[in-house]
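Only one chain is given next, in structure tokens, and it is the form predicted alone.
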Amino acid sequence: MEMKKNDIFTVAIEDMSEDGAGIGKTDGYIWFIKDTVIGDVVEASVMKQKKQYGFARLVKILTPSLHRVEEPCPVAKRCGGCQLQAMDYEEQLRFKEWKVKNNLIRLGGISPETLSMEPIMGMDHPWRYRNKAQFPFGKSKDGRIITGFYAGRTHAIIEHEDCLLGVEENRRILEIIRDFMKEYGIEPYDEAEHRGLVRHALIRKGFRTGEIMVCLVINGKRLPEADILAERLQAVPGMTSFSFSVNKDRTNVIMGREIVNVAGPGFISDYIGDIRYQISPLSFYQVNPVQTEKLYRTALEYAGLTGNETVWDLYCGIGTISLFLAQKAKKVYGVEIIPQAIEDARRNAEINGLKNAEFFVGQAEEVLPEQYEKNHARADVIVVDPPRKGCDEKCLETIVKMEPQRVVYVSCDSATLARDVKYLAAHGYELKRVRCCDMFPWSGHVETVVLMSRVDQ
């Protein structure tokens, strides 16, 4: 059926994409339609067509899905943060689990008969779960200083200071910063002109400790009257650390490399389980501490440690998983490319009195082969928690050469997970256990933990 731009058609939504757009088919042709959920029957208008698929705009919902709910956030449709607010939470969990299962079968070559998924770990209260938020500053059309979130796929700021995924203190902190800027004539950053001072505010909170950190990202070397702002922020209970980050580049990278501490120790602390972590403005730290604990406990359970094992933790960040494993392992080696993260990891090991964790700076795909070739490094268990692109093939090759009994793979992208599972399955490992963890309710993302065991030769 030939269609032109703005033609109207009716379609049932049967699936959803990674970024939360509904997917429907007309005569086998695939349509992506934003703001729809599985089970909706909608009227849509053609926007753009390619050979195999096209994009359409939702005109009206003819029959709403049984799982459609009213979005509690007033800017949910315009903001780029949540893609699934119109879908009830139980259905989101089913959808995420199905997506992982489907990828493992389709891309990972796992037989549906042998694939048994353990129940997805959802949240009892799937709101206010983010311990970190980054708010861009700008100006409204009428010249007011505004802050909020970027609209989906753009850098247009949607004015909104109380995101329902963030902590309640965010609104008060942003108000203090805005009032301070107005009073002292401090301009927000203008991306197009590369002018103005205040680019972003980074706010982090320790959920267990209640400690709060604010770091302002500025297009300059100094923040006028920084001490006054630090003092005003002290009015927020839990305020522990205030700093600014120098970022004078024309870039969409938020944080600069130089951090100037204004008040407090320059970090906050928080716990995952019994392990205490120090978090500085540039530290990578999981944004959902409640679910992170469930995720790491699952990884620890899958690792099956008895106290005699040597464990390698690849892509270890600030040592979050490494230190969790070190409680039960004989020795843990962590590898991470970001030097500052490794500094944090070493300090976190010290804080927790864990002497059996050692950390290397470098790419996992370089450090691991080098340690294997030079020092005959061995491992009983290898844990990987790679970025979205998955593991590098050289890294997978070395894992196979090291012949660990178990590989525990923590993944934030089930397509690259499936690809890597397929590789390991072709090289002497079998998939034993799989469990999803919903770290990001209302978005299309899901974390997965997989256990692969060496097939006895």
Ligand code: SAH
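So that there is no doubt, residue numbering starts at 1 and follows the sequence shown. Bear in mind that the values here come from a model prediction, so they are computed numbers and not experimental data.
The discussion below concerns the form predicted in complex with this ligand, not included here.
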Checklist entry - Do all of Q286, G317 and T320 end up near this ligand in the predicted complex, with near meaning a heavy atom within 4.5 Å? => result yes
Item to check | Heavy atom contact within 4.5 Å of this ligand in the predicted complex, the stretch among 357-365, 221-229, 112-120, 234-242 | outcome: 357-365
Next on the checklist: To verify the annotation, which of these, A377, I337, A156, C73, has a non-hydrogen atom within 4.5 Å of this ligand in the predicted complex?
Outcome noted: I337
Checklist outcome for this item: Of P126, P281, P386, P188, the only residue with a heavy atom within 4.5 Å of this ligand in the predicted complex is P386
Item to check | 4.5 angstroms heavy atom contact with this ligand in the predicted complex for Y302 | outcome: no
Checklist entry - Is there any non-hydrogen atom of Y296 lying within 4.5 Å of this ligand in the predicted complex? => result yes
